[in-house]
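Heads up, the chain below is alone and in the form predicted alone; it's given as structure tokens.
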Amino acid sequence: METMTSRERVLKLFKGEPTDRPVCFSGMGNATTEGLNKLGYKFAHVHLDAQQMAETAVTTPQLFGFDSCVLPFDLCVEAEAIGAQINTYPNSDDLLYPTIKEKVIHNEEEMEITIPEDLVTRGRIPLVKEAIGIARKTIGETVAIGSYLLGPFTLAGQIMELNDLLKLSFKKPDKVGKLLADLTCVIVAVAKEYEAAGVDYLTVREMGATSDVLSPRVFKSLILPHLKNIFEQLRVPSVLHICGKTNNIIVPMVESGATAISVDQKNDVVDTRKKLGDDALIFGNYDPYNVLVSGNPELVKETMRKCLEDGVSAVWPGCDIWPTVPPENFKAMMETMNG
């Protein structure tokens, strides 16, 4: 088989077609200090500048041969546009991701939110769109451009206290369901902006809905209908990512309508593959910190081989790749893909 570009490889994967080698990519953040140092950028600044964000994202495939370029790098974009106040730590030299310092919802009575009519022009949504366009223009012919959005339950946990959300999910599911429906509209609106900017695929990160804290029954009744609504409206290939021990919700995850599912290192991929069959697209499931950052090249190679042996459709991290990943470990991962 002829050698493919990374973009060809990823797009064929999503279509279920053969690729020249295993695909190794992500739908979550993967900025590296190696890339930041090459550019001379501070991590705190790249969240606030479209050019710097795009250039930083581009360095990962350029330096290591990774099969994707993914941006942004933090999880606050949608919440900020809704009205949450965030801290980007602009004067810090440390590797700090933006965080939410003031929630939108402070009590149960405030759960009846009004989505701003100018949502897609608020916060950093225009900045992320611009960065996607720059990345697309820079390497989009040869490398797949990806982005991500929070799932409705996870986004709800960003704009209100997560403990309150979890309690109300059991006590007042109808009230939580109304909030999730409103947030689904937010997610779809932002997704359409990212699609228009030129992404090749989108990942919906519903980390808060892990079965580590929610029962499969609650997932199916409260969260799955909204995920189905989102994936029905996406035009580009899509991935549903949920953290934790997802084996007991793996079938409903596929029922969401996502093109592929993403699982982390707690998932038993052998069991998942048995449940879903040969045709399902399963992305996973190495530990991005304890293996890729803290491990050594031999552990990295061993782990990547195990992912493939267990039956993943593509090698993909269990979460964001922490920026301090040693270059030799990243290179070892890609060497394993290239045989």
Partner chain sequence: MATEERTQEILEKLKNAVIEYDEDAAKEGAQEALDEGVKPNDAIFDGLVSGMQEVGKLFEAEEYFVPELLMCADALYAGLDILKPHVEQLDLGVKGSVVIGTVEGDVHDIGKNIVKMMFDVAGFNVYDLGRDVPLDQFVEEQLKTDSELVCLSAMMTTTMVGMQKVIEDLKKKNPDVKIMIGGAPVSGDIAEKWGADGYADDATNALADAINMVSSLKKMKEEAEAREKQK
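Residue numbers count along the first chain shown, from 1. Remember, it's a predicted structure, so these values are computed and weren't measured experimentally.
Beyond what is shown, the protein has a form predicted together with its partner chain; the following relates to that form.
Position in contact with its partner chain when the complex is considered in the model of the complex, options Asn248, Gln233, Ser221, Gln85, heavy atoms within 4.5 Å: Selected residue: Asn248.
Of Ala196, Val188, Ala181, Leu96, the one that lies within 4.5 Å of its partner chain in the model of the complex (heavy atoms): When its partner chain is considered in the model of the complex, the option within 4.5 Å is Leu96.
Partner-proximal stretch of 224 to 232, 188 to 196, 154 to 162, 133 to 141 relative to its partner chain in the model of the complex, 4.5 angstroms, heavy atom: Looking at the partner contacts, the answer comes out as 154 to 162.
Heavy atom of Lys167 within 4.5 Å of its partner chain in the model of the complex: Contact with its partner chain, yes.
Val269, heavy atom within 4.5 angstroms of its partner chain in the model of the complex: Heavy-atom contact with its partner chain at 4.5 Å: absent for Val269.
Heavy atom of Asn290 within 4.5 Å of its partner chain in the model of the complex: Residue-level check for Asn290: yes, a contact with its partner chain.
Contact test in the model of the complex: His106 vs its partner chain, heavy atoms, 4.5 Å: Contact with its partner chain, no.
Heavy atom within 4.5 Å of its partner chain in the model of the complex - qualifying residues of 200 to 226: Result: Ser211, Asp212, Val213, Leu214, Ser215, Pro216.
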